[in-house]
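Just one chain is shown here, as structure tokens, and it is the form predicted on its own.
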Amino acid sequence: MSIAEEVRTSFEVRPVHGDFVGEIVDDGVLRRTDDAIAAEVVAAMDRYAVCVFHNRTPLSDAEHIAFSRRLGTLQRPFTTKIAAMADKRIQFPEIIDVGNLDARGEIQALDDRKRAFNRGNQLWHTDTSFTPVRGVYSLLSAHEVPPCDADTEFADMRAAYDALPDAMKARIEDLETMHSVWYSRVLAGYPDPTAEELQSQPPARHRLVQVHPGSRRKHLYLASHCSEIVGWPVEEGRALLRELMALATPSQFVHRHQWRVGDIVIWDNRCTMHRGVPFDDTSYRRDMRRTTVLEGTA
């Protein structure tokens, strides 16, 4: 699909950031679980990569899961065997809890290991790039939003690739990278992972430049999870990855979403990065719930 084509849907999609972000104000679209609506959402995602759905009230967890399943098989948390994260606030295994609340619904303690783990979400990343079967669509639902800026930023990796100099495109065309969730977590201040944690999620290997199957546009596949370039000296590879991250995240390629209760944002992990904006998470509650659709199933 050319980025100039219009997306034909039964709901209105308003561009809010060029061909990168679309806004859907029709309430209840995602409460419809028929295949026709799911196909329209996929078409909108191929055009925009990020779609914002405004709902008057949050979808229930069951509704959230029901629509997500129309897009493919859902990820289940890979950390379920970690003792420190065994107690769950949300009992649906398909719902990934990315808020700051503990199993009792209280703000997490300062020494809560999950708080330290989730701090990595403030780095630019793409969900589950550290697994061989990657995440395609993530659907993040806002159930409780702080009365301060607790936004999420998204970066357009298709536009970022388009803007690279030809010499850089040629240099990186055939490179592969290793992605490790523990690498990014340690970067964000997580304590040294335990042997059990390391075993629960080994690193994965992916191409640095890819072609998005829906739009047929080339894009970078980057993240804070990128720990090295395959076949390169580690520090030389990391220097190039840092350079590419900087080239991919100037303001013209970034959209900042200000959350409202009831919002669901869907993004395509293959051609975007995102990060949470820091806020006073020791004082304000934030209840955010995510599903992620896996590659090869959408």
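Don't overthink the numbering: it's just position in the shown sequence, from 1. Values in this document were obtained by computation on a predicted structure and should not be read as measured data.
FYI, the form predicted in complex with N-oxalylglycine (OGA) isn't displayed, but the following is about it.
Enquirer: 158, 114, 179, 125: which sits within 4.5 Å of N-oxalylglycine (OGA) in the predicted complex by any heavy atom?
Expert: It is 125.
Enquirer: Looking at 53, 267, 253, 67, which has any heavy atom no more than 4.5 Å from N-oxalylglycine (OGA) in the predicted complex?
Expert: That would be 267.
Enquirer: With the cut-off set at 4.5 Å between non-hydrogen atoms, does residue 101 touch N-oxalylglycine (OGA) in the predicted complex?
Expert: No.
Enquirer: Counting only non-hydrogen atoms and a 4.5 angstroms cut-off, does residue 286 reach N-oxalylglycine (OGA) in the predicted complex?
Expert: Yes, residue 286 is a contact residue.
Enquirer: Given that the partner is absent here, does residue 140 sit within 4.5 Å of N-oxalylglycine (OGA) in the predicted complex, heavy atoms only?
Expert: Looking in the predicted complex, residue contacts with N-oxalylglycine (OGA) include residue 140, since a heavy atom lies within 4.5 Å.
Enquirer: Would residue 196 show up as a contact with N-oxalylglycine (OGA) in the predicted complex if we use heavy atoms at 4.5 Å?
Expert: No, residue 196 is distant from the partner.
Enquirer: Given the stretches 43-51, 230-238, 268-276, 57-65, which is the single one in contact with N-oxalylglycine (OGA) in the predicted complex, using a heavy atom cutoff of 4.5 Å?
Expert: Looking at the other structure, the answer is 268-276.
Enquirer: If you apply a 4.5 angstroms heavy atom cut-off, which residues in 146-182 are near N-oxalylglycine (OGA) in the predicted complex?
Expert: Heavy-atom contacts within 4.5 Å come from 151, 152.
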